[in-house]
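Only one chain is included here, represented as structure tokens and corresponding to the form predicted on its own.
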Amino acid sequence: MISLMRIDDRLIHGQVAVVWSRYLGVNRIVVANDEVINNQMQMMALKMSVPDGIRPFFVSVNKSIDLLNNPKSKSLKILVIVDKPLDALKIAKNVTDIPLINLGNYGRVNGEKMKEKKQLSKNVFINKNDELILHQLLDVGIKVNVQPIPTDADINLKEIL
């Protein structure tokens, strides 16, 4: 069972590995990313961030859809992590039972011009294309919030987009 899908361009780091995974009580982290699966060094570094007792999986976005739709995943507690809204949209359109999509950290590490981006929160910056995709993500009907860590305010994306 999916506990949460998070959009975070840093993928696994302290907020995800320690704070969110403990808060949600997950036993699996699925990183759905087409680039990371081809970068053994990055995958090894990300695995080192995962706390004991949680098993990480690094898969392509398409493979994550198969994995998350597998009936065996219903008995697990899964945190799904993607690094861009487009990947979240693809998964949200093809996987049922996603209770919440969390937009955590996005838009500061891709080297794009920050002046051209709209700031949604202190950790979320989007360009025009991201904005279009986020509107499509909201149209799927799953709640999308902006909340870096569980103790921060739960801000509905609809209210700030």
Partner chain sequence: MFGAALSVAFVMFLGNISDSGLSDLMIRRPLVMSTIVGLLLGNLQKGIVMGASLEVIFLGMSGIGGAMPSDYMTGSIFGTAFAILNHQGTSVALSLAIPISLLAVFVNQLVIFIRGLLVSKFNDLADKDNIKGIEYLHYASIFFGPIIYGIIGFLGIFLGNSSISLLVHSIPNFFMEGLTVLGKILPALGIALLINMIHEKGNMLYLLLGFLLASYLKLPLIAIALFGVILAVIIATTDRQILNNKNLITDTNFQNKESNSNLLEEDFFNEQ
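Remember, predicted model here, so these are calculated numbers, not experimental data. Numbering follows the first chain given and starts at 1.
Just so it is clear, the following notes concern the form predicted in complex with the partner chain, a form of the same protein that is not shown.
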Are any of the heavy atoms in L76 no more than 4.5 Å from a heavy atom of the partner chain in the model of the complex?
yes
Examine P150 and determine whether its closest non-hydrogen atom to the partner chain in the model of the complex is within 4.5 angstroms.
no
So in the model of the complex, does any heavy atom of D52 sit within 4.5 Å of the partner chain?
yes
Exercise: R28 in contact with the partner chain in the model of the complex, heavy atom 4.5 Å
yes
Only hit among I133, V59, M43, I98 for heavy atom within 4.5 Å of the partner chain in the model of the complex is V59
Please identify the residue among N70, N129, N39, N94 with any heavy atom within 4.5 Å of the partner chain in the model of the complex.
N70
Please determine whether each residue of M114, K117 and G141 possesses a non-hydrogen atom within 4.5 angstroms of the partner chain in the model of the complex.
no
Sequence-ordered list of residues in 15-30 near the partner chain in the model of the complex, where near means a heavy atom within 4.5 Å:
Q15, V18, V19, R22, R28, V30
